[in-house]
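Taken one at a time, structure 1 and structure 2 that follow are two forms of one protein chain, written as C-alpha cells.
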Structure 1
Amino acid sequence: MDLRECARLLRERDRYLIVTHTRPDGDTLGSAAALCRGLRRLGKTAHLYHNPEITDTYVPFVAAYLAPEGYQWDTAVSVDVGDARILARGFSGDVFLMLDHHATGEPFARHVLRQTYRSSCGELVLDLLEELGLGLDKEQADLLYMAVSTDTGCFRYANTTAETFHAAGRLAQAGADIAGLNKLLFRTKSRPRLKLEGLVYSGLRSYRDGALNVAVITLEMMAQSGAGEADCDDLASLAGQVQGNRVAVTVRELASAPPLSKISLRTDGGVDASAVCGSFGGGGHRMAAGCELALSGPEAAETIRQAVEAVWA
C-alpha cells in the first residue's frame, strides 16, 4: 500500500483507536498523537489507546489524545509497532491498519503501510498528513519533531538521512519548538540520571585496547544515585561511546536474592550478538541482542565477557 491508498482508507472510516507499542518512546507516541490530531481535524472521532507504560516525559504531549474509559472504536491503527507481540499492554482486538518503519517483525494488520527506509514513523506520518491534504499545525509539528528527533537520537544515529533533515526542516518551518523540545529531550537529565551515569562511567571496564567495554549497573548504584525506572532509558548506549569500541556489554542487576541480571550486548557486527545471547537463552539481532542470567551484575558481566572473548575472531 502506498501513502495515497492509505490516505483514502483513512478518509473512508471513522471512530479510530490508535495503538502504540510497549515501553512507548517518542516516535510511537508522537506519531500516534499527530495522526490522531490529523484525523480529528478531518472531522473524525479519534483517540489513542491508553498505553499503561507512558513515562512522565511524554504525558504532557499525549494527554489530550488518550481515549476516555469505555471508548468504543471501529478502526484500530497501530503506529510504529513492528510486531503484534509488542502492541501496547492490555490492548486486544484486530488491527485494521499498521503504519510502520521497522524491517523485522511479522505484519499483523489487514492493511499494511511499512516503509523501512524511513528513520522513524514520524517521517512517514508527516508525509501521510500531507497526503491527507492537511497542513501541519504547530502542535502536530511539535509531536512529529519529537518522533523524528528521538528515533534518530537527535540526528546522531546511523538511520539519519537527507530526508530526515528535510523532514525536520519542514517541521521547524511549521512552527515546531526546536529549541524547547531539544532542551527537554536531549539537553536535560534528572539529577539521579546524571549521578548514575557518573557511577557507570567511573566503573566502566575496557578490554582489548578499548574495543570491548563493559558497564555494570548494580542495585547499589541504583540506590546510591536515587535513580528509578524512568532514569534508565538507553543505559545500554553508554559503554559503546568509548573511542575504538566494537563490542559493548551492559549488565543491569534486577534482583539480588536470588540474583538476576539483564544483559544487553551491542556490537559492530564482527561478533554476533544474537549468537552469544542465544547461548544463554536470549535473542536479538547480529548487532544488538539481550539475555538474562541468574547471577549478580559483576558475575554476569564476567560470564558474558568470556563468552564474547570465546567467539571473537
Structure 2
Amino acid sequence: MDLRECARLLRERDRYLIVTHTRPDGDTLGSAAALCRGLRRLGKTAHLYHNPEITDTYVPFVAAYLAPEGYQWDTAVSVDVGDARILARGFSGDVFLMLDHHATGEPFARHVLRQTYRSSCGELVLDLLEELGLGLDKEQADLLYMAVSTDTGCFRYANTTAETFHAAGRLAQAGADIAGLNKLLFRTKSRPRLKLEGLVYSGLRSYRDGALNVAVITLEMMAQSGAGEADCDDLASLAGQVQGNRVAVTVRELASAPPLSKISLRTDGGVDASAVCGSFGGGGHRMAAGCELALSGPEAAETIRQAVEAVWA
C-alpha cells in the first residue's frame, strides 16, 4: 500500500482506535497522537488506546487523545508496531491498518503501510497527513518532532538521513517548539536517572579493545538509584558512547521470578542487529534492534555477546 491508498482508506472509515506498542517511546506516541489529531480534523471520531505503560514524560502530550472508558471502536490502527507480539498490553481485537517503519516482523493487519527506509514512524505520518490534505498545526508539529527526534537520538543515530532533516525543517516551519522539546527530551534528567547512569558506566564491560561494549541494568541497580520507568528512556545510547565503539549491547532486567531481560543492540552496520535479535524472536533494523530473553541480566548479556561474536567477522 502507498500513501495515497492509505489516505483513501482513512477517509472512508470512522470511529478509530489508534494503538501503540509496549513500553511506548516518543515515536509511537507522538506519531499516534498526531495521526489522531489529524483524523479529528477530518471530522472523524478518533482516540488512542490507553496504553498502561505510558510514562510521566509523555502523558502531557497524549492525555487529550486517550480513549474514554467504554469507547466502542470500529477501526483499529497500529502505529510503529512492527509485530503483533508488541501491541500495547491489554489490547485485543483485529487491526485494520498497520503503519510501520521496521524492517522485521510479520505484518498482522488487513492493510499495511510499511516504509522501512524511514528513520521514524513520525516521518511516515507527516507525509500521510499531507496526503490527507491537512496542513500541520503547532500541536501536530510538536508531536511529530517528538517522534522524529526521539527515534534518531536527536539526530545523532545512524538512521538519520537527509529526509530526516528535511522532515524536521518542515516541522520547525509549522511551529514545533524545537528548543523546548530538545531541553525536555534530551537535556533534562532526574536525579535517580543520573545515579542510574553512574551505575551503568561503572559496570560497563568492554571487549574487542573497546569495539564491543555491554551495559547491564539490573533490578538491584534500579532500586539502588531510585529510578522508575520514566527514567529509562534511551538507556541504550550509553554503551555506544565509548571511544572506538562499533557494537553496543544494553540489557535491562524486567523481572526476576521468572527472569526476563530486554536487549537493545546497536551497531555501525558491520554486525546486522536485526539478524542477531531476530534469532531470539526480536527484530528491528540493521543498526538498531531488540529482543527479550527469559534470563537474568548478566546471563542475557553473555548470551547476546556470544551471538554477536559468532557473526562478527
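Rigid core (definition): largest C-alpha set, two forms, superposition within 1.5 Å. If you're wondering where the values come from, they're calculated on a predicted model, not measured in any experiment. By convention here, residues take numbers in order along the sequence of structure 1, the first being 1. Shifts are known only where both forms have a C-alpha.
Assignment of forms: the chain in structure 2 is the form predicted alone, the chain in structure 1 is not.
Core-superposed comparison between structures 1 and 2: the C-alpha position of residue 27 differs by less than 2 Å. Core-superposed comparison between structures 1 and 2: the C-alpha position of residue 57 differs by less than 2 Å. Treated as two rigid bodies, the chain between structures 1 and 2 differs by a rotation of the smaller body against the larger of 21 degrees.
Lined up on the core, residue 213 has its CA atom moved by 3.7 Å between structures 1 and 2. The Cα position of residue 279 changes by 10.7 Å between structures 1 and 2 once both are aligned on the rigid core.
Core-based superposition between structures 1 and 2 shows that the consecutive residues, three or more at a time, whose C-alphas shift by 2 angstroms or more lie in 198-230, 232-237, 245-313.
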